[in-house]
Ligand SMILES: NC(=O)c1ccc[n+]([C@@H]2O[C@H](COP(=O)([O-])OP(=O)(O)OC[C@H]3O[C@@H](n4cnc5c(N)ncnc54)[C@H](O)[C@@H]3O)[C@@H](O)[C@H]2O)c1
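We begin with a single chain expressed as structure tokens, specifically the form predicted on its own.
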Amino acid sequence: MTDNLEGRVAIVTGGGRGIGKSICENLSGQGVSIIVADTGGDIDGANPDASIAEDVASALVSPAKAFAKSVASPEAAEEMIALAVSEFGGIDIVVNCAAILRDGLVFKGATEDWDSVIETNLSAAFYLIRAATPVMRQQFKDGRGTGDSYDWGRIVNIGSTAGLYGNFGQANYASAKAGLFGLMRIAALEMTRSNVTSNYVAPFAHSRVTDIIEPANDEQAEYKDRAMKVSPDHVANFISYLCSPAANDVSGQIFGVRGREVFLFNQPRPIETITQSNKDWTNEELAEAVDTNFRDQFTKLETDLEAFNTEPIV
């Protein structure tokens, strides 16, 4: 590790275990001061344990503080930003990695589970971005770090291919991860004048999420076996790149990281158009036009587990 990120300050939610912990360790090794935010709870959010975040923070090589409260409130976001500013002098990097799972088929899902997952996995990210960006904008005006034009600002939403492809039983989780994509794009657009980048990273790595996958078929079983072999350190390496000066102009993008593979995802844009200018469409006319012009380009109805069921490069 080098100290090429020396002086920067990061908040990593979900930083106590798995991918979040690897991100904390990587950034800390490069001189970043870190707020490790993690309740230490189970994968469904129950049974918090403050020692999880505290142990990670105490083991990091750069200055670090633990934040063991739930991040799923506006008050928690404001408190994390205040802690970063008071302890370390600012906030430069926000990594939204906190997530819980409460799976259930769409026709069975409990309202309470939906609300809890959306609040933790999506709303918490919005609260933190909303609290961090005014500070980042002021740091840009003040020339923080460089004395010239501030360019340390980074927002990284840790998403999931479940939010891009879908997966059985994960209506709440996938919807939250899809929402992180939209939130990322808005932050990228609105913060460009302050030289703050915003990106979305879908990780393929061994984590508590992969641990609890219950394969419904042989393909999903193979996917889980492969995922268990992929270290989260590869994801952390890519986050480190996004936070580096080399990625000052990389913003608004969707990436995937699987071992030593890095994917750039396309984003929803029109790929074909049908037009009828002289009158309204009838159902029959639409059926013919859709079949002729669209059908061959329909997106395949497959889960993320099926789409990426190939051997990773580890």
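Every value quoted in this text rests on a predicted model; they were computed, and no experiment measured them. Heads up: residue numbers just count along the shown sequence, starting at 1.
This protein has a second form, the form predicted together with the ligand, left out of what is shown; the following refers to that one.
- Residue contact check for residue 32: none of its heavy atoms lie within 4.5 Å of the ligand in the predicted bound form.
- Put simply, residue 27 is far from the ligand in the predicted bound form: not one heavy atom of it is within 4.5 Å.
- Contact annotation for residue 177: at least one heavy atom lies within 4.5 Å of the ligand in the predicted bound form.
- In the predicted bound form, the ligand sits beyond 4.5 Å of every heavy atom of residue 253.
- Candidate site formed by 98, 120 and 173: every one of these residues places a non-hydrogen atom within 4.5 angstroms of the ligand in the predicted bound form.
- The chain is drawn here without the ligand; in the predicted bound form, the stretch among 241-249, 64-72, 280-288, 265-273 whose residues come within 4.5 Å of it by any heavy atom is 64-72.
- This chain appears without its partner; in the predicted bound form, the one residue of 188, 83, 164, 209 with a heavy atom within 4.5 Å of the ligand is 209.
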